[in-house]
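First, one chain by itself: the form predicted alone, in structure tokens.
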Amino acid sequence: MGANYDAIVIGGGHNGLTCAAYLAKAGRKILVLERRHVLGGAAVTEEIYPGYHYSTCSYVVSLLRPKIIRDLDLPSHGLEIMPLEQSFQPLHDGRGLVRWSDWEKTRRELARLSPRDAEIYPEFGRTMVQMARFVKPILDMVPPDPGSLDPRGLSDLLRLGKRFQNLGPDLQAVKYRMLTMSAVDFLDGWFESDSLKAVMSVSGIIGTFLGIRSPGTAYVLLHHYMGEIDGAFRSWGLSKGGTGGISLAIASAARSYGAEIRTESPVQKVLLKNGSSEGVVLESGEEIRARVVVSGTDPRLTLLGFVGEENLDDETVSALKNFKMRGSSGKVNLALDRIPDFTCRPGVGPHLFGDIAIAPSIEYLERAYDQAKYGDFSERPYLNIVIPSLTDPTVAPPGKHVMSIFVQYAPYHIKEGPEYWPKKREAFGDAVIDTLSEYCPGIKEAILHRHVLTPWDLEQEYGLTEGNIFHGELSLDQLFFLRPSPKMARFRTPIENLWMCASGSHPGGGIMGAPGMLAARELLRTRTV
């Protein structure tokens, strides 16, 4: 039987949709299969409570590649990103700290904590921008194979080496430190204020089951520092209508190029013949054939789930089982009848229009990690909060609001076992609200509806193995040509005509789209499809 399609994409997350859009734009016949009723994967907007539109999982935009926005003309398909221009850190002592987009305003804020830090902060920002500029091209390239004699791969490696040489000795030293140090140790070399170092270090632990003193987290800090909107580094934003607006814009672009997209079409397995993919079998029993299958799910679900361990060689199975998932975060979404006051800075002011970080000290964050290490959720966790309805009134009824709370730590592997999470879900939600109440006393009375997602929920509902939001930890041993393993780092799998295009592949997680774009580019370059 001939192929029905040139390629089937498993999963309608933003990376799968991006891959589909590029392939369809190149004239290929593409089918996207999404198991849920709504597109977006973890970049999704859902009206779980009437009138309130939650960005249920991913909630901010920073890493979406500008090239994808241009290539797919996403603004014409409804994409609108509104910048988040400040970051607010409430503190118990009544001071609080806001880092503004205006350097001078930030300097005045920091001077109350440390005059020295206020003076050094701009220099740190300039250094990080230079580091980000060095790393940025890596986000848009297919990882080379260091063990291959392929001229294209060798040329890429030589270019990287030349770029590193051009950094000069001072920035080379910074790069070395970022690759080896913990986030806190790296920041210790710059700043003296404990609370400033605490709130800056948390970027190094998102997506990892590591503490802020764990080696290697300094590089993860840089990964999150590379956000850009319209070419401006360290820019974060909200998608109008919630993060699902990004996925729907990409889906609209894909459809405009001729891609077919089906929801409520869960894949049961990849159809194999003589060790090669021929298509997929849906849970309904329907068989759909294609020249190539591209998975927008994580590497473990793709190969151990849809292919099956019995169809894989021992080396591949071992690599997949050693690929660290270890989900460590959860999410709480709230519908509010008003914006409660933060004790240290009352009123609805511009400080609330950015993100809000509950990370008062290094000790606080280390204690949160200590609980997680021993199989408990953090009773006083790190929280990152946005109130998108302040910027985008379309996500809540007039005068009402939604609040999105990212929570770390919530380990998938709790000591009772992951299957016990449903019994702890409400206690976990209570711990989050109790923690927030210490800084925002009126929050409990303002809540109309609460939606709690544990790592177990992220796995069961959104297909994220072990609840890992990045399809695998962003640790140094799982990046670039090691993601998810050296033999699968260029979007290919050991199964012929089965490829991967999501966050478990280079360059990793976040609402980036780069894995989908690069996988499509490689498929077209090699004329696989």
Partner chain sequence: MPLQTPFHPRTSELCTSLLWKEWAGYHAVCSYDTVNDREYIAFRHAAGLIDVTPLMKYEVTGKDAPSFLARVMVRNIEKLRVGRVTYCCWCDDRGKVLDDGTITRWSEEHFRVTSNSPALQWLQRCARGFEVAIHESTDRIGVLALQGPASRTILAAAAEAEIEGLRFFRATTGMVAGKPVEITRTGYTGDLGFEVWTANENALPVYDAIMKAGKIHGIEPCGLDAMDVTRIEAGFVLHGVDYFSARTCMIESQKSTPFEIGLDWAVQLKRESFVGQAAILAEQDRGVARRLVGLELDWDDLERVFEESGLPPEVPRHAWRDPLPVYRDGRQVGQATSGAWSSILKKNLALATVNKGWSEKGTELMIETTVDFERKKMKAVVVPKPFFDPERKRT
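Everything numeric here is computed off the predicted structure, so don't read it as measured data. Residue numbers count along the first chain shown, from 1.
Keep in mind that the form predicted in complex with its partner chain is not shown, yet the notes after this line are about it.
Its partner chain in the predicted bound form: contacted by all of Glu119, Glu123 and Arg126, heavy atom 4.5 Å: Spot residues vs its partner chain: full contact, yes.
Partner-facing stretch of 425-433, 237-245, 109-117, 445-453, counted where any non-hydrogen atom is within 4.5 angstroms of its partner chain in the predicted bound form: It is the stretch 109-117.
Partner proximity in the predicted bound form: Gln130 to its partner chain, non-hydrogen atom cutoff 4.5 Å: Gln130: yes, in contact with its partner chain in the predicted bound form.
Contact of Asp170 with its partner chain in the predicted bound form (heavy atom, 4.5 Å): Yes, Asp170 is a contact residue.
Contact flag, Asp102 vs its partner chain in the predicted bound form, heavy atom cut 4.5 Å: Answer yes; at least one heavy atom of Asp102 falls within 4.5 Å of its partner chain in the predicted bound form.
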